[in-house]
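The chain below stands alone and is given as structure tokens, in the form predicted on its own.
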Amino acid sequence: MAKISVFGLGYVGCVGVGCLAKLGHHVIGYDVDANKVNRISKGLPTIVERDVDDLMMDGFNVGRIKATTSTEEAVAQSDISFVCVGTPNAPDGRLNISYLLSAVQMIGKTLRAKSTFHIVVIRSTVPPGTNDIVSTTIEKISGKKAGINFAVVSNPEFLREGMAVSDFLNPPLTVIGSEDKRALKMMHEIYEPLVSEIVEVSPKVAEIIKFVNNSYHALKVTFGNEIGAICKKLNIDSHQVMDLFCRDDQLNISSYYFKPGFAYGGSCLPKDLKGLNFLAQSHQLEVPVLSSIDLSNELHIHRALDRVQQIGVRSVGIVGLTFKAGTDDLRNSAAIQLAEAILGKGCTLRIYDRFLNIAQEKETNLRELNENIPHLLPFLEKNVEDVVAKTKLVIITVRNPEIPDLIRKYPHVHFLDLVRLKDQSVESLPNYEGFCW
């Protein structure tokens, strides 16, 4: 079992001390607050939280929990230091990592005299890039070398107040980010008793996932509340509505729609969103989350156009014009908006869309094509390579199996991928660019 020190004995640190001890590890807590240290030293928690009192006393009674106000003692008696100090918002919104850096500096000073390999684990919520800052800080202060004498691991916590002990011991997954194999192996050993998936990622991914998770949780709360407000005005049971919503685990409560790519379109999403916003407006309800969705979608199209202008070529090709692959439906197509904007900037344009070509050949949907995009039909090519061979920039809005080979065949053509091709081997090529990745 591991010897672990926990820096910071507040909410996250206290729960961590108790839970790590329950997993069989020997834990020494550190804090500058003597009162917190005294409580932990007696097997008492520093917070009010479900199940934590018994957890702490159990760990104390079997000799796995103690605490100190000495950094030297905490580091000397452990092989791993979990840093659990606060990172509050600064006035401008950024996270203040000064407390974290203070703890890291103290650990770095103590590591000067330590000969064994030491792991520093960042549990605090921190901005992406903090792992590198911590590693550099420790190197500078300790005189030791990252990867040789010590390693830094990003290991964000996902604890709900009131459910923290249960969340620690029964996580949906455990995220660890580090460049050091020894450190990753040790983290696997620490969390192995939890019997949950342990996911290794880059430190920056580990650092940003907490922001993403909590921002989405905030979005869910406000989305649910805005739906509730609309239902209230219409005398509809909002809980019955949302219970029904949550039963759909193919689209609603699923990973579908969550992969970054291009803007949405089609007949359903824009129409129903506008209809719901109208219901809210007609009952004098402000629903800022719902009303901002379309604006965000439009801004995403403008980001693509801005990138095209930054690339700076005048000869542009687009692969995919319908609102999504597998259909000839042009309604509210973001690709059409982008194509029209590119023409408006004075660029030449060539377009390939397999399903529009099929529609023309079979003479299906001809009326809609001639009514909606008569100005774009002259730019349609019969095969995708004609678009690539005759342009300097190719924008990919739908996955096409021929594209990866064409990226390799035409190294002088810049490919801007808006959907992420399934062949990720092309992503390292110099003429490939992912729009959101």
Ligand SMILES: NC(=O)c1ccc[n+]([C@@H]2O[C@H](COP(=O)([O-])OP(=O)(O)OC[C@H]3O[C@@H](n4cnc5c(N)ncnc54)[C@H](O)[C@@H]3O)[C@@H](O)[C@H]2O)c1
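For every residue, the number given is its place in the sequence shown, counted from 1. These figures come from a predicted structure and were not determined experimentally.
Not on display, but discussed next: the form predicted together with the named molecule.
Although the partner is absent here, Ser102 lies within 4.5 Å of the named molecule in the predicted complex, judged by heavy atoms. Remark: Ser124 counts among the residues lining the named molecule in the predicted complex, judged by a heavy atom distance of 4.5 Å or less. In the predicted complex, no heavy atom of Val153 sits within 4.5 Å of the named molecule. Among residues of the shown chain, Thr87 is one whose heavy atoms approach the named molecule to within 4.5 Å in the predicted complex. Contact check at 4.5 Å (heavy atoms) against the named molecule in the predicted complex: none of Arg307, Phe323 and Cys436 pass.
Residues of just one listed stretch (51-59, 405-413, 382-390, 23-31) have heavy atoms within 4.5 Å of the named molecule in the predicted complex: 23-31.
With the partner removed from view, the residue among Lys210, Lys114, Lys204, Lys144 that has a non-hydrogen atom within 4.5 Å of the named molecule in the predicted complex turns out to be Lys210. Among the residues Leu285, Met106, Ile133, Ala76, the one placing a heavy atom within 4.5 Å of the named molecule in the predicted complex is Met106. Of all the residues from 5-44, those having a non-hydrogen atom no more than 4.5 Å from the named molecule in the predicted complex are Phe7, Gly8, Leu9, Gly10, Tyr11, Val12, Gly13, Tyr30, Asp31, Val32, Asp33, Lys36.
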